[in-house]
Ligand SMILES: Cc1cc2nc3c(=O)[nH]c(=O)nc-3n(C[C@H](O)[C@H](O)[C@H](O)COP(=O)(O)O)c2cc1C
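Below, in structure tokens: the form predicted on its own, a single chain.
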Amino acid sequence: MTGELFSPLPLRSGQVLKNRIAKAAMEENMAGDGQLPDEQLFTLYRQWAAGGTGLLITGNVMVHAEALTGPAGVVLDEHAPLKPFAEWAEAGKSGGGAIWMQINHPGRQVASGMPGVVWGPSDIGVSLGKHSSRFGRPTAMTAQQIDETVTRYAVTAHRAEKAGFDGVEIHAAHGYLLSQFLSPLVNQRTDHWGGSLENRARMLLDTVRAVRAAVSPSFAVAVKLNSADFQRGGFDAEDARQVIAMLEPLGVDLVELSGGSYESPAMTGRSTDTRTQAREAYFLDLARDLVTTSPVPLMLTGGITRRATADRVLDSGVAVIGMGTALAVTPDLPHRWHGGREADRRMRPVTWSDKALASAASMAQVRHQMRRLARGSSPRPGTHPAIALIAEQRKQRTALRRYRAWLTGPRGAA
């Protein structure tokens, strides 16, 4: 097994990843003026590029300026200038690896204080018990809005390629828009986007087709998919198996498996479902099952922090291991593994009983480390989750004021 982690992986598009280690997407929420990437993100990605990963996948870049997962989200639409994105791509490639842009639409997962639109396949809001009011109430999308959104993904992918990115990853996991269409709990439509799995997968498949048609054959197209959403009656592993089979004829290079949503945050290791392994490689059991029939190379993300775990994941037949939190704390972890060393620090665990709050605090902790890296400082993984959460909320309030002003300003001038 030794060495396989550092062996190249040729992809369908002709692209070759230099090793099997990817920095998975983490939502940085660090856009500068005009919702654009700036020096903070460039510094952060140069750090990761120097750390030895074969592939960097950006935090989600929004395809629709009026629909952001957070007020400091980066937007790449038809109006955005390409120069900052070209600098971001260059920073990501500075270590000899590839950089893909994750592209996304939040659908109904938009905070209630945000301007813009809150859309979903149906008008069913995010259910978080006493925290449900944190999210806006969605309206069901019209056929025209669905078609226009598919086009937005294609525009963003085309412009990402022009800016110098090596590929895109279409986000269809974690309860965002395309994942909402896949979920029988959220998608209660009675037209040809609802009902059967084929119908619920229609928007994702149309998006992949539109993206593939808008970029060159050598540009990578990947999809991030839930292995399951860990809710009774929701999207499950058998659905994932069928969707992966539907994606194969469309020219997809890689499918990244994750799981969960804000309602069941398995991606932070907080799911109550027994199928996520405690602490390490949360979704490995599901991946082991899916890899036996997958016609597309699979990437597995979620709780991988040690070389032995990474080797175990590759032994299962998974092609790429994805890491998020581990690389926010130890950006040179791939180089360490190559030299037979491990990380010497871990993120302070969040043990709060309130799942929604614990998930928010976990994300704030990770963002706190990324902001430190972006300033050229060392990570401080021992930071108390409450302190990280309060600091993040302050930053979000400032970012929200800037986003409101930008959204109501003369965008065309850009």
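Just so you know, these numbers come straight off a predicted model, no measurement behind them. Position 1 is the first residue in the sequence shown; the rest follow in order.
The same protein has a further form, the form predicted together with the ligand, not shown here; the description that follows concerns it.
Quick one: does residue 55 come within 4.5 Å of the ligand in the predicted bound form, counting heavy atoms only? No, no contact at 4.5 Å.
Answer yes if any heavy atom of residue 302 is within 4.5 Å of a heavy atom of the ligand in the predicted bound form; otherwise answer no. Judged by the heavy-atom cut-off of 4.5 Å, residue 302 is in contact with the ligand in the predicted bound form.
How about residue 138: is it within 4.5 Å of the ligand in the predicted bound form, going by heavy atoms? Residue 138: no contact with the ligand in the predicted bound form.
Heavy atom of residue 324 within 4.5 Å of the ligand in the predicted bound form: Looking in the predicted bound form, residue contacts with the ligand include residue 324, since a heavy atom lies within 4.5 Å.
Of 149, 122, 102, 183, which residue is found within 4.5 angstroms of the ligand in the predicted bound form when only non-hydrogen atoms are counted? Here the answer is residue option 102.
Have a look at 26, 36, 41, 63 for me and say which one sits with a heavy atom within 4.5 Å of the ligand in the predicted bound form. Contact residue from the list: 26.
Can we say 12, 201 and 205 each have a non-hydrogen atom within 4.5 Å of the ligand in the predicted bound form? Negative, none of the three is within 4.5 Å.
Please name which of the stretches 84-92, 171-179, 190-198, 158-166 has residues with heavy atoms lying within 4.5 Å of the ligand in the predicted bound form. One stretch meets the cut-off, namely 171-179.
Contact set, 336-371 vs the ligand in the predicted bound form - heavy atom within 4.5 angstroms: In sequence order, 363, 366, 367, 370 come within 4.5 Å of the partner.
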